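In structure tokens, the next block holds one chain alone, the form predicted alone.
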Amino acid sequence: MTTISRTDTSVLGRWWWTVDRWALAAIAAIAFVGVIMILAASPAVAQRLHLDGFYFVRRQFALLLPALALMIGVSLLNPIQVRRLAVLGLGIGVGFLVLTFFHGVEIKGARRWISLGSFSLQPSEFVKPCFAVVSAWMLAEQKKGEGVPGNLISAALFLMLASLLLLQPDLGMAVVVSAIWFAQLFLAGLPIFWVVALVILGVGGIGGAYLMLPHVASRIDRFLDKSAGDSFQVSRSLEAFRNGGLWGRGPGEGMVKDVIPDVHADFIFAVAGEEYGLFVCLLIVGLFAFVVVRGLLRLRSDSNLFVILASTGLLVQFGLQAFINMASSLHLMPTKGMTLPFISYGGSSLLALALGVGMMLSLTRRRVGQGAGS
């Protein structure tokens, strides 16, 4: 039972009785699963790299509490403050994105990271939630009919971000940003002609990436035909799910973490499947689905277009990222180095997801007698 009274008018009291506590509990449960999975998957990776067994565990835990504090802190903001934070974050994020081309660290042929001492920053992770909010603001301003060219500004921001991401190259991140923007345009009342045109453009873009980016072509070829190249990681991942069965082999008994290089990040879902089985995997899927559906349901009673569009964009990002990671592990789509939210190892991802979820929790708070965009 909570000790915070409904008559408590403090900042914390008002927050507690207006925030979506069910979504908050689901996020906490996902983070708890992440703690267990990092403990299970990362020591084997650290030992292969000749590091201390708990090297990745300590690094992840050092950022987990600050990330959760960031999420709660952002959820305390009002919509105007969220909007200002997003504008600031987008400006800084774009600046760092450009900086990756000159001072970025190249890993596996891509320049997506900037080294800040012992911490590697991936700017694109922070750009995603900030873009979702700023784009929603512009689209909502266009609908007001006050002369703000919101659609044009939103489109220009999208094209700029998509171009920067493809130049890194990071097709997966570009796809997520595109999905966010498309969902917002659809909800904002985009004519069906433009919906069809954008779908065709998106398919054409993926086709162009296949033809122009060798690593994209390689991943798609390996997805369609395992004999077309090295499919070791996906094969071992599928084997892990088969070995796990319904109930799993037991904590610490999995073998996949000993053979897949990125098992603590890209393929951590396979560790869950092997050690804890199908039902725990379904529980993880259910937690992610619950957060997305719960957030969308909260928007049914909201009439503010900015809040609806921004929250939807943030939920699309959260849900799509989880889907891409899990689907890649199950060979339902080509592999894409994308983390499983709050579960996979990754400092930039953890902090950026905390920022995005905090924004979503803020925007979906109940505000009786107050315009959500005021």
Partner chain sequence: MTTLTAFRPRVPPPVAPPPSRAVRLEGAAKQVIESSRGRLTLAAGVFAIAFAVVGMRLVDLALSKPAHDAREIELPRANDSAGYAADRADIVDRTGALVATSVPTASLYADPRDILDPHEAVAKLQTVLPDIKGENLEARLSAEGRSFVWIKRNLTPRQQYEINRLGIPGFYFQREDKRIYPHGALMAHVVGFADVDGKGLGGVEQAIESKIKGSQTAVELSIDLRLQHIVRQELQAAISEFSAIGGGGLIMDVRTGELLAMVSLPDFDPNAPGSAPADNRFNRNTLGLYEMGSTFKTFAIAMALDAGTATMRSSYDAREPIKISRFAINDDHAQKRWLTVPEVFKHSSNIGAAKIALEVGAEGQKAFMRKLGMLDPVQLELPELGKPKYPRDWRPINVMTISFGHGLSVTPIHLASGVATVVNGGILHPPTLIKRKEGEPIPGRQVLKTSTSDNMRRLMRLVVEDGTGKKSEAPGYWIGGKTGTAEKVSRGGYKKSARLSSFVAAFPIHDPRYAIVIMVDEPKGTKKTYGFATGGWVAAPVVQRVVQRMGPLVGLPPVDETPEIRRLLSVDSQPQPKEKSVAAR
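Quick caveat: nothing in here was measured; it's all calculated off a predicted structure. Positions refer to the first chain, counted from 1.
Separately, the form predicted in complex with its partner chain exists; it is not shown, and the next lines address it.
* **Contact test in the predicted complex: residue 55 vs its partner chain, heavy atoms, 4.5 Å** => Contact with its partner chain, no.
* **Close approach of residue 137 to its partner chain in the predicted complex, 4.5 Å, heavy atom** => The answer is no: residue 137 has no heavy atom within 4.5 Å of its partner chain.
* Touches its partner chain in the predicted complex: residue 103 (any heavy atom, 4.5 Å) -> No, residue 103 stays farther than 4.5 Å from its partner chain in the predicted complex.
* **Partner proximity in the predicted complex: residue 336 to its partner chain, non-hydrogen atom cutoff 4.5 Å** => The answer is no: residue 336 has no heavy atom within 4.5 Å of its partner chain.
* To do: Identify, from the list 130, 292, 97, 121, the residue with a heavy atom within 4.5 Å of its partner chain in the predicted complex.
  => Exactly one residue meets the criterion: 292.
* Of 187, 153, 167, 114, which one comes within 4.5 Å of its partner chain in the predicted complex, counting heavy atoms only? -> After the contact test, the surviving option is 187.
* Tell me, please, which stretch of 168-176, 153-161, 87-95, 295-303 lies within 4.5 angstroms of its partner chain in the predicted complex when heavy atoms are compared? => Stretch with heavy atoms near the partner: 295-303.
* Asked: Of 232-250, which residues get within 4.5 Å of its partner chain in the predicted complex if you count heavy atoms?
  -> The stretch touches the partner through 232, 236, 238, 239, 241, 242, 243, 245, 246, 249.
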